[in-house]
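Encoded as structure tokens, the following chain is the form predicted alone, with no partner shown.
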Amino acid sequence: MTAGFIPPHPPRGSGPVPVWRGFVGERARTAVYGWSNQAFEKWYIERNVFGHRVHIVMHPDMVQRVLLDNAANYEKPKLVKKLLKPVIGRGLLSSDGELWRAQRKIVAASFAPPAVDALVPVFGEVAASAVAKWTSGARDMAREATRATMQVISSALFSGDPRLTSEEAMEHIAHALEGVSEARMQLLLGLPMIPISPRGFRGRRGQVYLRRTLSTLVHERMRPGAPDDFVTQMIRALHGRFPEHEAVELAVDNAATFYLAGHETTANAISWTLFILSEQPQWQEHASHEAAAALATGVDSELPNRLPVLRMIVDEVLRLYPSAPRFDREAVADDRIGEIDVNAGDFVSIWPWLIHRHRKLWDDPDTFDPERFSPSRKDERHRFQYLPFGAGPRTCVGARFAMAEGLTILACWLAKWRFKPMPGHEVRVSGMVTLRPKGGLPLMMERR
């Protein structure tokens, strides 16, 4: 295999960057931009962000304390909940305590192994539908990945509702996510969260479109004769646990949560995988041959298990480009993390972007090396040094779904097509909530 490939990452300075720089220029648009070399060598950084004390922990033992050993003491920050409220309300991703437990229990059955395994043929149908429309030449594969994962979520959870897969929906959702950066600045400064720039106005329109569309869908599912899918079952279960008005609100919140989280993160994982494989033709050929052999017996529930090389590649891609580059917690009560005193109200910030590239945890951490994830090396890692789906009780409920979906789509595409870099196009990282290729991912394609 080709060795020593270092995929692009933002430039790093020699020393810490002032906090205010995180709210102007590229740092205000890209969460992982502006970290210094020191951040990838230290176990702990403390910062004061407009009066908020923030503990950035990188040692896996410290991460374990927050996400597992004393998880009850660390909730989603109130500021984050306020930031996300216009988009996902009080859904599973932004709730805590009994409300989180009740919602987790309701949705968990839909993402249990048998339920996910039964959906693998749906993933294959979506992938095959995309391939049937392609021609050789240049194509934006980030857009293709987004279109495919939106179709998967629509088909698997929303009975294929066409309102969730239109070009208009794609544009609105992208703007809704991009609008978070402007609202973040206003929230930290204690200002009203109102749009003040074209980006902010596009973001607000995207949020309104998403909530309006999903609210309409939820109310339709409350009528007799509605499809008995994920959304309808969720609405029924919520009505059994909450008063009617609250149940409807939570149904819309969770529809938005699973629609957004269910397609955006997987689309980015597929995009980054295709980019890296376009730059690493030997790995691409290996994955393509494996995919063709695995698909020879059909697209069935066992397909993801027949793709061990592709799984190693995707695991390594998620290390280099974690779909969620950061997540935060707020201390409910005083605590001690290692040698660090944490006060009630302090933020603890966990950055997979930093942990996954930490020089004390990984050899040549910026280098693409799928062999890190070979079964024989599994015991080399602390279980809290690799966090593509979070960890502890709040591990992403859709992790199995996302991995099976990504592997199936990639296998179907790699078996039929060869992907090459687009001459003259520089791939860069962008995004505040998730990590996308900036401006899309144009690749050259040729049929195998």
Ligand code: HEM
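Counting begins at 1, following the sequence as shown. Everything quoted here is computed from the prediction, not taken from an experiment.
What comes next is about the form predicted together with the named molecule, which is not displayed.
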Is residue 265 one of the residues lying within 4.5 Å of the named molecule in the predicted complex, judged by heavy atom distances?
yes
Whether residue 389 contacts the named molecule in the predicted complex should be assessed with a 4.5 Å heavy atom distance threshold; does it?
yes
When the contact criterion is heavy atoms within 4.5 Å, does residue 258 count as touching the named molecule in the predicted complex?
yes
Does residue 55 reach the named molecule in the predicted complex, with heavy atoms at most 4.5 Å apart?
no
Proximity to the named molecule in the predicted complex (heavy atom, within 4.5 Å), stretch among 45-53, 414-422, 31-39, 381-389:
381-389
In this chain shown alone, the residue from 205, 239, 219, 76 with a heavy atom within 4.5 Å of the named molecule in the predicted complex is 76
Note which of 288, 323, 165, 146 lies within 4.5 Å of the named molecule in the predicted complex, where distance is taken over heavy atoms; exactly one does.
323
Would you confirm whether the three residues 274, 283 and 367 all fall within 4.5 Å of the named molecule in the predicted complex, going by non-hydrogen atoms?
no
Contacts with the named molecule in the predicted complex, stretch 92-106 (heavy atom within 4.5 Å)
92, 93, 100, 104
